[in-house]
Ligand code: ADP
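In the form predicted on its own, a lone chain appears below as structure tokens.
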């Protein structure tokens, strides 16, 4: 018997006869926070909807806690879900929204009150208990949505880009709070995002989904430092340089700019501008390949239109002669 909490094997799905998911295998362990990372259109939300019972896969199996749940209705799967938009009940207060799942389960009133009070305190929502969703900010609504999902003690919580509609200045705080509360509760979670930074920050393990297939699985540092393919590297923000049958991936931070000279690739500076404390530079090699370079501001910076020499401080290659 598998020691994993969620075990998905051979999951395929289609939309209007167009394949969306192709033989997806994935696991989530007990108490584990896993990030499902991929670009828009890669099938991430479809996968979550299949797990939650909101969409029917064409084939494959879904097991949770050792039981097959693929044929069970949504409310019997033991899965909570926080969608991209909070989708709170507009005519219910915060307390009533959080208590909803517990009341559906016909939990005793004292238990409902205690559980709701606990979650409101943990998520810093106590002062909003009597408010309605329209009186809350986007971030506050998402906190309520998480509390509502956690209240019935689900075995697994699915998070579908829950920070996408939150103002940027509150996003980092909300990410940290979500990670903390899930760990404190010991609840396993599968968090979907197309945001590379978010995906590599939140999860203990990252599953990268490209074109409906699992392209790579590993710790966030493993996935970023050792992309499994040029396609993975491109999505993660690497520069790709193709020379015959060989493809090299280089992170913008590893593209060093110097004077033209031996051992350096000739390039032209097409654009340069500040990004926070760094310079961001767009370069074009002689063969037309476009590169991005990023390095700290403070020292001299090349001018637009100037000719420079480029070297790669660290790279990952595929093809003949690759390490």
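Positions refer to the first chain, counted from 1. Predicted model, so just to flag it, every value in this text is computed and none were measured.
Below: the form predicted together with adenosine-5'-diphosphate (ADP), not depicted.
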Q) 282-290, 260-268, 57-65, 38-46: which one contacts adenosine-5'-diphosphate (ADP) in the predicted bound form at 4.5 Å, heavy atom to heavy atom? A) 38-46
Q) in the predicted bound form, does residue 310 have a heavy atom within 4.5 Å of adenosine-5'-diphosphate (ADP)? A) no
Q) At the 4.5 Å heavy atom threshold, is residue 24 in contact with adenosine-5'-diphosphate (ADP) in the predicted bound form? A) no
Q: Scan 3-30 and note down the residues that get a heavy atom within 4.5 Å of adenosine-5'-diphosphate (ADP) in the predicted bound form; none is a fine answer too.
A: 15, 16, 20
